[in-house]
Each structure stands twice: as structure tokens, then as C-alpha cells.
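The chain below stands alone, shown as C-alpha cells; this is the form predicted on its own.
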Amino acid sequence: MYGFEAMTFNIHGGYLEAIVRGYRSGLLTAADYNNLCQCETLDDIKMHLSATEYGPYLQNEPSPLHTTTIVEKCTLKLVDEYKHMLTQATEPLSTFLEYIRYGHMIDNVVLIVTGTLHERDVQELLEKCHPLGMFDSIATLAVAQNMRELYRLVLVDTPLAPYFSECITSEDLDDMNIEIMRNTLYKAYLEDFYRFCQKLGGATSEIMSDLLAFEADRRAVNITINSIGTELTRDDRRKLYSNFGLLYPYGHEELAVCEDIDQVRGAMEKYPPYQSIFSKLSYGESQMLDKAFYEEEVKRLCLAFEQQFHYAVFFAYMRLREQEIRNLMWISECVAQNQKARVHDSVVFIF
């Protein structure tokens, strides 16, 4: 029913779309970032942020500040906004907003399982988990010895249960298996989210398909680069790629056989949207690839706000706010470690 959303969308979605567009206007601008990059101490950063929407969250924090405190409080603001939207939402928007959380749930599961493997304290690991990805039985993840136990004891009652069907094995958990589990879960999650958005139809389907396809392609490139030089076979690598996206299926065939970063570059340059990303990198260089992908993603997320009457604005806003928190973390770390010369290296300007 593409084109008819304007007739009925505002009955249930109008208020929340207005709210999320209001939240978006509170994102930090290039001028804010330039001022933050001039700061000499973390207290200067706090002082500058006090004039933004982060002010109420940081105002009662005593000196000396730590980077983790700044990131924690900024994340708390994002979580409060998300919970406000979720409590106001009706179907199918409430399910759409729940889907946004699942990625954080997967990251939290992997964090706790990896930490337990390296004999870290569970309480310490729980503090590092992203608040959006918390669920009731998360603390009991530490008891599992293999994937089957992980599923049977803990995850069977969580929204992640359907995604586990592909990676239940009796093999003991080690670093390699955990990474494969993370990517298998993400693949199942992205495909499920993609199908859900297709069912919604209209502008939501069109815009979200583009954003999720970009995410799937970025993950395919990262999996390829990270698996170069490991014992992961070509078939195993191919199984971790999502079954949609601009690279599906022929790009995946090429990526599966890549042996170094320049071969990855050669495969990706055949696709015009990704040609511009790789043209920014010199040969053999992969360090700046993450930033180039983030910049492209931010550009696409901002474009989601150009259309009305669709749900992609909620996804775009959450992602932009997460990018902003990453920027603040990088700036704070550079200031705290007296590395101001590198402050612009990883900052992705949003507007």
C-alpha cells in the first residue's frame, strides 16, 4: 500500500514520529564537536555538555570525572528515550522497536560468555553490558559450558531463542566458537528483521531494506577481513554472510575466496555505493575502513528523516545517537590520555 501511509499513519504513529524528530534535533552539531575537541580536561567536556540535552544527566557527577561515567550517563539518556517511545508505541511499531534491542542482546550474551571463559567476575561483566540488551536471566549465562546448555538453560525464554537454532552444537565454547556464534546470531537476527520490515511494506520497507542491506554488507566485509589468516574455511565464511544485501549472492562468492585486504577491495569496488568508501583508503590499509563505513551509514541514516510516515526514523535515530556516544567516548579518551592530536581520527560528524 505504498503511498497511502499518509491517510492512516498518524492515528497511531504520528505522536511518536513527532517525538523522535524532536529528539533528533537535540543531536550534537559540528560546532559542538569542534568545541568539544578544544577541551583540555573531562570537566571542560562536562561543562560544554551541560548546555546540551545531556546536561541533566551529568550535572550531579563529582570531579574528577572518568570517561566511563560520561559514556554511561549519555547511554542512560538514550535508554530513557527508548523506553518512553516503547511504552507509548502500539503494534506493529512496538515490535519494530523491540527488534532494535536484539542486536544489543546478542552483544551482551557474547560479552558474558567470553568474560566467563577468561574467568572474569560476572558482576563486573554485567556492569559492562549495554542496558538496552539486558534480560532477566542474563546473569545465569555464566554456568553454560557449550552452546546446547547456553540455549537450554538460559536463552530458550528470550527473544533470541529462534536465532539459536543454527548454532546449537555440543562443542565447548572457545574464542573461535564464540565469534562464530556471534556472527551466526547476527545473521539470523538481520534476516528476521529484514523479513519483518518487508511485511510492513510501504516507505518503512523501502528505507529499512536499504539500511539493513548496508549493515549486512558491512558485516560481510568485516567477517572476511577478520577471518583472513584463520582456520575458518571458505564454506564456513560463506555461511556467516546474510542472505540479502547488495553483495548477495555474487559479491559473497567473491568475498569468500579473498586472501588479503586488497582482494576484498577489488571485490567491493565493483559495487558503486561501496566504491567511494574504498577509494578513501590507500592499498593494504584497513584501519580507516570502520570510520569510512560509519560515515556512509550516518549519511544514509540522516536521509531516513527526509521522508515522513514510516518507522525507519526510529531505527535511524537510535543508530545516530549510538554513533554520537561513540564520538563522545573517543573525544573523552583522547582528552583523558592527553592525545589531542588524534582527536579527529575517529569522530564521525553527524550534521
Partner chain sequence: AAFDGGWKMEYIDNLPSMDLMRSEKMTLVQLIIPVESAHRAVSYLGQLGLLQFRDLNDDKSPFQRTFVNQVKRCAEMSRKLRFFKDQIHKAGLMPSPNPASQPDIELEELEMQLADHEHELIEMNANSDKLQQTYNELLEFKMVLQKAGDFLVSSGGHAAAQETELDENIPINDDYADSASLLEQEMRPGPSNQSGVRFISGIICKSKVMRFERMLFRTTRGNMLFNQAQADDQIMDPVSNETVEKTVFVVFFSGEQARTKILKICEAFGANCYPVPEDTTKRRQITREVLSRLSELETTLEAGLRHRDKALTSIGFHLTKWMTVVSREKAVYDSLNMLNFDVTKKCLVGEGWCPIFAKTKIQEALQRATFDSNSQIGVIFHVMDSIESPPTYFRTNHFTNPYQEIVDAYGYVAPCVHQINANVAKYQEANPAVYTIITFPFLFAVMFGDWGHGICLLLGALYLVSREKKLGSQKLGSFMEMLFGGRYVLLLMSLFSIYCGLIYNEFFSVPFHIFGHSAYKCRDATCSDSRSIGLVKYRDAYPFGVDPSWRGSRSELPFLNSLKMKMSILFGLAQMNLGIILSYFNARYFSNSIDIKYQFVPQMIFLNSLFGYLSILIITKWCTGSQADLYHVMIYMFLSPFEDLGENQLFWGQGVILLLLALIAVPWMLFPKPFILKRLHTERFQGRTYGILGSSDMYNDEEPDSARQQHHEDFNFSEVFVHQMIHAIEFVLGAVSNTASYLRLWALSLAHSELSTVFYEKVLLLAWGYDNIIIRLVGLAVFAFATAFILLMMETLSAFLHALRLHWVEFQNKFYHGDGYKFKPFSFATLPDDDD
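The structure presented is a predicted model; accordingly, all values stated were derived computationally and were not measured. Residue numbers count along the first chain shown, from 1.
If you look for the form predicted together with its partner chain, you will not find it shown, but the lines that follow are about it.
Student: Looking at 154 to 162, 240 to 248, 106 to 114, 74 to 82, which stretch has residues with any non-hydrogen atom within 4.5 Å of its partner chain in the model of the complex?
Tutor: Heavy-atom contact with the partner occurs in 154 to 162.
Student: State yes or no: in the model of the complex, is some non-hydrogen atom of Asp44 no more than 4.5 angstroms from a non-hydrogen atom of its partner chain?
Tutor: Asp44: contacts its partner chain in the model of the complex.
Student: Taking its partner chain as it sits in the model of the complex, is Ala142 near enough to touch it, meaning that at least one heavy atom pair lies within 4.5 angstroms?
Tutor: Flag for Ala142 set to yes.
Student: Asp136 near its partner chain in the model of the complex, any heavy atom under 4.5 Å?
Tutor: Contact with its partner chain, yes.
Student: Does the 4.5 Å heavy atom contact test between His48 and its partner chain in the model of the complex come out positive?
Tutor: Heavy-atom contact with its partner chain at 4.5 Å: present for His48.
Student: Among Leu27, Cys39, Leu289, Ile325, which has any heavy atom within 4.5 Å of its partner chain in the model of the complex?
Tutor: In short, Cys39.
Student: Work out which of Asp236, Glu149, Asp174, Asp262 lies within 4.5 Å of its partner chain in the model of the complex, going by heavy atoms.
Tutor: Exactly one residue meets the criterion: Glu149.
Student: Only counting heavy atoms and a 4.5 Å limit, does any residue of 55 to 81 reach its partner chain in the model of the complex, and if so which ones?
Tutor: The stretch 55 to 81, when checked against its partner chain in the model of the complex, contributes Gln59, Asn60, Glu61, Pro62, Ser63 at the 4.5 Å heavy-atom cut-off.
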